[in-house]
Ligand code: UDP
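Take a look at this single chain in structure tokens; it is the form predicted alone.
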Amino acid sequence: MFENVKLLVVGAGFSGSVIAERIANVLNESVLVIDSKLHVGGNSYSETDSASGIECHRYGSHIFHTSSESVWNYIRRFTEFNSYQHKVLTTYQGHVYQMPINLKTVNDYYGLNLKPWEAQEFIRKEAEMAGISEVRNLEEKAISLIGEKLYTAFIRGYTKKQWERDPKELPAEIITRLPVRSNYNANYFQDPYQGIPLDGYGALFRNLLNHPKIEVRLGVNFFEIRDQIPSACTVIYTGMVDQFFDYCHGPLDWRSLRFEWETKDLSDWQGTAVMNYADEEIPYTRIHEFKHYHPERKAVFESDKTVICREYSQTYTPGKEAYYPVNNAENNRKYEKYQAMAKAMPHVILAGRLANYRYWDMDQAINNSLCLFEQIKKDLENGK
């Protein structure tokens, strides 16, 4: 079943699919792609909900954005994008504010009408009032940047839910900076290239993998067929790096998510694609409403049904989906040991977020795979 496989890609998300597409189209080499899921696309997958006709992102909202013209030009070979520009709102104590914190957020929260230069000075004084001279944790880092009141309203509760820890127990490096805008710019991303695939992410991945040299096998667990892979086969692995090495240096810490779905007989539930919830007492971190990603689908957008999804953060345990690495010093030391092991294996290539223990946006994952492909191409051309 696998005895003649020379190139195996483990995982059909962006990282694996891009490398497979390049191998097939540029090198004209056969490549097998396997995934334990029953669909391509990994956690970026979307599909049309049969009851409402709404394109739903099955693992939380995915908005494509990039500053890389080369990545943008590459991915547009496989899909057109709409002109969606992402905006995020957050609810705190029954009031709705814009995020990231901008001039309107500050004015609404404090009941002021500050001008940009006044807001900058106001936040600086708020931060100084805390009197933090030495930053020891996430909470102190955030307060030193924006002051205690804005931190308490918009950062503390959300962060505690996201990490299931008091921010005092989290390292300061998690928040290296907090974007605070002194104007009314409400766009969440500042990248010049943004949008949602017109036909959805599912269609995008099917286009990426649509090549006679690419074979896709779904519902295949790599660890159950690992002993069937020929020793000379090059394995491009996009899964959890600690699992690949049987946790020999100890398991890495990951964050997972849980989703709660609901269909409403309404044309619009919350008026925006994503609403964050900053109050600690509200158990979910945000609610997604997916029809807002495709206003160009007018019949569906104006219909009297909508799909919402509540997102809950939770600790990863075996059997759940790993979403975010916990990049503290201890975990990064473990990862370096796994990375060194991979470098000593000439037929193993670590690709993507989980294998590199990094939180990358979709464009970063694509760029990583394009760079890795160039190395694969060089190695194959040199007969390695």
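Superpose the two forms; the largest set of C-alphas matching within 1.5 Å is the rigid core. Don't overthink the numbering: it's just position in the shown sequence, from 1. As the structure is a computational prediction, the values presented were derived from the model and not from experiment.
Keep in mind the form predicted together with the named molecule is missing from the figure; the text below concerns it.
Quick check on this chain: which one of Val300, Leu178, Val135, Ile282 has a heavy atom within 4.5 Å of the named molecule in the predicted complex?
Residue within 4.5 Å of the partner: Leu178.
Among Val307, Ile123, Ile155, Ile214, which has any heavy atom within 4.5 Å of the named molecule in the predicted complex?
Going through each option in turn, the one that passes is Ile155.
Using heavy atoms and a 4.5 Å cut-off, decide whether Tyr110, Tyr184 and Thr272 all contact the named molecule in the predicted complex.
Judged in the predicted complex, none of Tyr110, Tyr184 and Thr272 sits within 4.5 Å of the named molecule.
Go through 147 to 155, 124 to 132, 102 to 110, 261 to 269 and give me the stretch that gets within 4.5 Å of the named molecule in the predicted complex, heavy atoms only.
Careful reading of the contacts points to 147 to 155.
Even though the named molecule is not shown here, does Arg286 get within 4.5 Å of it in the predicted complex, heavy atoms only?
Within the cut-off, so yes.
Find out whether any non-hydrogen atom of Thr159 is located within 4.5 angstroms of the named molecule in the predicted complex, and reply yes or no.
Yes, Thr159 lies within 4.5 Å of the named molecule in the predicted complex.
Taking heavy atoms and a 4.5 Å cut-off, does Ile174 contact the named molecule in the predicted complex?
Result yes; Ile174 sits at the interface with the named molecule in the predicted complex.
Is there a heavy atom of Trp163 no more than 4.5 Å from a heavy atom of the named molecule in the predicted complex?
Close contact exists here: in the predicted complex, Trp163 approaches the named molecule to within 4.5 Å, heavy atoms only.
Could you run down 318 to 332 and flag each residue that has a heavy atom within 4.5 Å of the named molecule in the predicted complex?
Residue within 4.5 Å: Tyr324, and no other.
Does Arg76 show a Cα shift reaching 2 Å between the shown form and the other one after rigid-core superposition?
Result for Arg76: no, shift under 2 Å.
Glu118 C-alpha relocation of at least 2 Å between the shown form and the other one, rigid core basis:
No; that C-alpha moves by less than 2 Å between the shown form and the other one.
Under a superposition restricted to the rigid core, does Gly195 display a Cα displacement of 2 angstroms or more between the shown form and the other one?
No, Gly195 moves less than 2 Å.
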